[in-house]
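Next comes just one chain, in structure tokens: the form predicted on its own.
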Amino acid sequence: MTDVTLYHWEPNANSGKPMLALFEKGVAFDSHYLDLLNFDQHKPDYLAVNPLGTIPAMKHGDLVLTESTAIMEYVDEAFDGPRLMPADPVDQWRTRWWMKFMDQWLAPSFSMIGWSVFVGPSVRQKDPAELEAAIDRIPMPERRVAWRKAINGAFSPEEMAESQRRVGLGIGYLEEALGQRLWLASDSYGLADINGFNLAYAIPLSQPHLCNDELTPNIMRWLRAIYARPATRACWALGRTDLARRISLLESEPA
């Protein structure tokens, strides 16, 4: 047992960010897997930890932390190990710029597409009454709306088109930035890369017409470099679904 417990789903998107930060820092932690597709995050045991029912959450002693990007920064400051926030103020600004861009602008679009093609279909076969009861337990009204849209395939064509437009722009921004430096925000690997990788690692699979070795060599080089890190391999080994197995696409070398 350790004094750190991470409540998480797959090493993907929000759950993967603090997971990978902990592995990079070499922090031992107890992994508490929550099956998002089984609505574990809205059951009483977890709501006692985080009443909002969002994942991930992390316990450090008696302290409970929520919000994945804030947890990453806490992990970097609270524990020994390699620094993940650059020392240079300009690089710090760039790190926070990218994390804000990812969290507030790009991630919601990736999420809508992912919910439409994976999450919704994955739970749609459950008993309708059971599904409705599970949705009614969700504490946050906006999350209830999102779940119903995903389950019913109710994202509008306009919403999906706007998400796809943002993804295309985001890929362009990433490719340009990674053509200027080895890592996303500075000359060293850090929080911006952890944040970005958890969002973008499957882009070559989900958006092959926009992201591939020919069109986006800088993104592909960056994704493969992060996947090759021992911490990334250890983190993704905690995955239990096909979401985690998608990362195998990064094992192929450029043609």
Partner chain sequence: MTGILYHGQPNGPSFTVLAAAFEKGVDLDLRAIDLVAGERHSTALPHPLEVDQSIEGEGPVLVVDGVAMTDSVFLACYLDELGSGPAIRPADPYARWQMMAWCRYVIERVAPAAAALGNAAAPPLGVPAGIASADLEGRWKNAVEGKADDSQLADSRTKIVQAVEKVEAQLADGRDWLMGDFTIADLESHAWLAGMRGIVPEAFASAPLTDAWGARLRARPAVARALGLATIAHPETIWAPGPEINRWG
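Numbering follows the first chain given and starts at 1. Small disclaimer: the values here were computed from a predicted structure and weren't measured.
Beyond the structure shown, there is the form predicted in complex with the partner chain, which is absent from this document and is the topic of what follows.
Participant: At 4.5 angstroms, heavy atoms only, are 39, 154 and 189 all close to the partner chain in the model of the complex?
Facilitator: None of them does, since no heavy atom lies within 4.5 Å of the partner.
Participant: Using a 4.5 Å cut on heavy atoms, which of 148, 166, 137, 124 is close to the partner chain in the model of the complex?
Facilitator: Looking at 148, 166, 137, 124 one by one, just 166 meets the 4.5 Å heavy-atom criterion.
Participant: Is residue 112 close enough to the partner chain in the model of the complex to count, meaning some heavy atom within 4.5 Å?
Facilitator: Output for residue 112 is yes: heavy atoms within 4.5 Å of the partner chain.
Participant: Could you confirm whether residue 108 comes within 4.5 Å of the partner chain in the model of the complex, counting heavy atoms only?
Facilitator: Residue 108: yes, in contact with the partner chain in the model of the complex.
Participant: Residue 132 near the partner chain in the model of the complex, any heavy atom under 4.5 Å?
Facilitator: So residue 132 does not count as contacting the partner chain.
Participant: Flag residue 71 as yes or no: does it have a non-hydrogen atom within 4.5 angstroms of any non-hydrogen atom of the partner chain in the model of the complex?
Facilitator: Contact check for residue 71: yes, within 4.5 Å of the partner chain in the model of the complex.
Participant: Of 213-221, 226-234, 58-66, 31-39, which is the one stretch near the partner chain in the model of the complex, taking non-hydrogen atoms within 4.5 angstroms as near?
Facilitator: Going through the listed ranges, the match is 58-66.
Participant: Out of 85-100, which residues reach within 4.5 Å of the partner chain in the model of the complex, heavy atoms considered?
Facilitator: Heavy-atom contacts to the partner chain in the model of the complex: 89, 90, 92, 93, 94, 96, 97, 98, 100.
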